[in-house]
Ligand code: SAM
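Take a look at this single chain in structure tokens; it is the form predicted on its own.
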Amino acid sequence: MLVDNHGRKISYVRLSITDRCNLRCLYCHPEDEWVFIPHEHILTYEEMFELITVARQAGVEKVRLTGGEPFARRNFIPFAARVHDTYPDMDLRITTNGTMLEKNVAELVAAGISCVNVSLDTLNQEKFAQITGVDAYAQVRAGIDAALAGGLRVKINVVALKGINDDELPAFVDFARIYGLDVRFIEFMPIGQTSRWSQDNYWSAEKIIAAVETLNPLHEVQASSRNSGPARMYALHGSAGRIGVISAVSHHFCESCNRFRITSDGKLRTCLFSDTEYDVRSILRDPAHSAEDILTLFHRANTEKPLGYHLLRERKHAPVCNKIMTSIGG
């Protein structure tokens, strides 16, 4: 059991499969030229599987596989299938930008995956290219359609960008209502030194919910489990669709944080807003290491896990960590 000094239990791990991504989103990875992590520094699938095994022994119940873009890494689906087959009671999820989703739906279903989160910040093709740097809107929409047709539960993640996609709120509400899926707005966070974060583009969760209520009656839905994540979810009247907000800037949820993040190069991060990292890779690559060595590191990191909003407040909304999201794991 991984319980920290604030009484928070770690039960959720976000594991980045790769830092490679085929998009260049303005809030994450806007530079045209970027030096990716050398391949030899990226954890092997065997090393990732060992980490999941140890995390399971420590009481972790949910694992989300992220990137970069996880489908950009060869043999990703067989790895996900192995995790599911070995730990069928594990809540296993995938976060993707959706550009390579369509052709992989059948294999995902066969692998036992039941839910995917798709990042989609606009429902406009031209604006998609402006936000991501790539004209791939049609591929993402085809991937979402294929996932729904294949029986996968789909959640849409939207980075809330004032002056960029706030005019599309009615379209996103209709999208959730018509397709009966979750659309979750994530407050733009000052993450990474190359991010284009500014107060002018900040659109708060409270203003989003207030605006949605002028379009469709809402009622808040209680989380189904403590691993449901930090989103506040609201049911849309007359639909299975839901709208959610993740208010990491305006209304922190640090007291209930239950997660670790592990980067693709084997660095454990206990808080998204902190650059403090713990080197798991060096342990994994020591021929004499044991599971106990990894558990010891987990426990040490957890005792030092901060309250992230303190870091955000101290920086006054300046970038709170140096790494970009594609390197940390979305």
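Numbering starts at 1 and runs along the sequence shown. Just so you know, these numbers come straight off a predicted model, no measurement behind them.
What follows is about the form predicted in complex with this ligand, which we do not show.
Q: Would you classify A176 as touching this ligand in the predicted bound form, given a 4.5 Å non-hydrogen atom cut-off?
A: No, A176 sits far enough from this ligand in the predicted bound form that none of its heavy atoms falls within 4.5 Å.
Q: If we define contact as a non-hydrogen atom of the residue within 4.5 angstroms of the partner, is I52 a contact of this ligand in the predicted bound form?
A: No.
Q: Look up in the predicted bound form whether G67 has a non-hydrogen atom within 4.5 angstroms of this ligand, and give yes or no.
A: Yes, contact at 4.5 Å.
Q: Should Y27 be counted as a contact of this ligand in the predicted bound form, where contact means heavy atoms within 4.5 Å?
A: Because a heavy atom of Y27 falls inside 4.5 Å of this ligand in the predicted bound form, the answer is yes.
Q: Only one of 143-151, 211-219, 95-103, 231-239 gets a heavy atom within 4.5 Å of this ligand in the predicted bound form; which is it?
A: Among the listed stretches, the partner-contacting one is 95-103.
Q: Establish, in the predicted bound form, whether N157, F188 and M325 all lie within 4.5 Å of this ligand, using non-hydrogen atoms for the distance.
A: The answer is yes: all three residues contact the partner (heavy atom, 4.5 Å cut-off).
Q: Which residue, Q139, S119, S247, N258, has a heavy atom that falls within 4.5 Å of this ligand in the predicted bound form?
A: Of the listed residues, the single hit is S119.
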